[in-house]
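Each of the two blocks below gives one form of the same protein chain as structure tokens; they are labelled structure 1 and structure 2.
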Structure 1
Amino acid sequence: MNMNDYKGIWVIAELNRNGELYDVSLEALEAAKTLNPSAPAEITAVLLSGTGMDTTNAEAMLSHAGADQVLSLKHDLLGQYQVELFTKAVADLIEERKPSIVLMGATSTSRDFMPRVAARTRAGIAPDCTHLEINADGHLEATRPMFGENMLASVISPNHRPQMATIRGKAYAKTALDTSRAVNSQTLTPALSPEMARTKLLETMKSETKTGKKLEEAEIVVSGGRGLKGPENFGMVESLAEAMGAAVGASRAVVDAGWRPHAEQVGQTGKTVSPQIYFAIGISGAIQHQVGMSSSKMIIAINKDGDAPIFEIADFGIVGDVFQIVPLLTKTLKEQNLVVTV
């Protein structure tokens, strides 16, 4: 491998079903812009979408956010996410064009297919990173929490290219848009066939939430645990979240009990969130849950057990009955028309 052949920074941008960019994609683009500002590398954004999807607005937004060019991979088989097809499309393009660094937001999709891309291209990958920089030797140095957020690891890949990392949501601010930047977009058709997919998509079910907030991107998250005693009481969490414009989360115990869908699970085997404010209601705060939320800017815990582990990391703690405190808090917010700003 001649590492001098590998140049530039790529950001794999993720679209929702409406063709809109996830915030974490713009945050990953901001991370790319911070690398080596004295000698900035060319930044390329890569989009994957179905042939009929209109990605004009997404391409413009990526250009306005700092991408020097946008490579739009379009194919009938990319209209719905399938891991083998996404892996092949991105891996083939990497091997053809040889970027030095490849970044993507840390989402359920990137956790699934980016390690496969790394394996296919014989590259190293650092997942769920909170900071990136170019070190003195010119290598990408990625910082990521490990061992239940109790230690920070610095990860480098000095002998292989590309260097790959996924960026934890909210680790970087969403980049500002400069609408004066020209849109430089190129549409490509990857070589894909149905036989390459080992799975077949049978049905897509949309997860609806009362607040309409996506858990990973929310500035405020209200999560409930087993202290709520039953699924019928989770309405308290939803009401408080609605009053604050927050997303609803849940502990693994709640999800395992069937009270809430897995899409709301926060923790080691669920989603990692980094909101400005995180409410832990009736959650004891085992290390597996802390892994998914301890990077929140402010943690507010409500639990009747004063010795619960959640209080060890909480910025504010209330020892008391959630069935009295939470409805009172929600009532006060609504009656006084209080707006929570972050």
Structure 2
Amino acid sequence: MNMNDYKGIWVIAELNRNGELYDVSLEALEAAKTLNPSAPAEITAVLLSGTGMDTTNAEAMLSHAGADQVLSLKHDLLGQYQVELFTKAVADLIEERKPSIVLMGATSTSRDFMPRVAARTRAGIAPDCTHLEINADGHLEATRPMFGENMLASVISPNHRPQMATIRGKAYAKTALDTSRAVNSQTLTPALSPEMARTKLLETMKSETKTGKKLEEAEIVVSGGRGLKGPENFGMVESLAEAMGAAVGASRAVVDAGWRPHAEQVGQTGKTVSPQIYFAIGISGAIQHQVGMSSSKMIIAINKDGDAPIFEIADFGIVGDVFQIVPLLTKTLKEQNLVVTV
């Protein structure tokens, strides 16, 4: 391998079922733009979709967001995500076109197939990164949390190309759109066949959230814990979330007790979130919970126990009765038409 053959930065963009780009794809594009601003490398966005999907809008948005070109991989077999087909399509394109850097937003999809792409192409991969830069030696230096968010590590791949990384949601702002930028897109057909796929999606059971907000993407998260005393009292958490357009989260204790689904669990064996504002309602804040939320930009805690560890990391804490304070907060926000925007 001649490392000098590998040039440019790729961002693998991800589409939802309606052909719209995930926010984290535009955040990954922003990360790409921050690399080496004095001598900008060419930025290529790569899209994978089914033949029937109209990707015109997504391609335009990627171009307006800073992609110098868009490679749109289209195939009947790419209409639905499948690990081996996505691995093959991306790995083949990497081997053919030799990018120096390949980025993707950290989602359940990228964390499913990108490690396989890295294994196949003998590439280094840094997962769930919170910061990227090009170091003095010209290598991509990625910062990523480890040891349950207690530690940060900087990782490089000095002897392999491409240098791959997945970018944690909200680590970068969504890149600004410049509609005057030209759209330069090219449609490619990867060489795929049905027998390559040895897994098959049978069914998707959508999780119904009252506020319709996904935990990972939400700018505001309102989480409830054991201090709510019972599942029937979670309504006040949902009402507060609704009043602010927030997503609902939960501590491990209430998930284990069966009050809330695991999909809402924030913490070591649940999800890691880093919203602009995190409300911890009746959550003591054990280290296993902090692992999943301590990188939030602002933390508000309401808990009756003034010694609860959550207050050690809260920007604003109220020691008091959640049953009085939370409904009052919701009521005050509504009555005074206060809009929380981040």
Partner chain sequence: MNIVVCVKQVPDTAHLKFDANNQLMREGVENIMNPFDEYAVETAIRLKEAHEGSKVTVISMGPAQAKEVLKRAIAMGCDDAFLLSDDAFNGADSWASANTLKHAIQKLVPDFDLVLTGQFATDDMSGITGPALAEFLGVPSVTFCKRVDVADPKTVQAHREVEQGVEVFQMALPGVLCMMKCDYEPRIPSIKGVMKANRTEIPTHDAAAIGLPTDQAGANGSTTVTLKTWRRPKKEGGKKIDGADPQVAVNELIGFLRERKVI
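Take the two forms, superpose them, and find the largest set of C-alpha atoms that agree within 1.5 Å; that set is the rigid core. Predicted, not measured: the structure shown is a model, and the values here were computed from it. Please note that residue numbering is based on structure 1, beginning with 1 at the start of its sequence.
- Shown first, as structure 1, is the form predicted on its own.
- Shown in the overlay between the two structures, fitted on the rigid core, is a CA shift at Ala257 of 2 Å or greater.
- Once both forms are fitted on their core, a CA shift of 2 Å or more is seen for Val266 between the two structures.
- Shown in the overlay between the two structures, fitted on the rigid core, is a CA shift at Pro162 smaller than 2 Å.
- The rigid core superposition between the two structures gives a CA shift for Ser284 of 4.2 Å.
- Its Cα shifted by 3.6 Å between the two structures, Leu328 is reported here after superposition on the rigid core.
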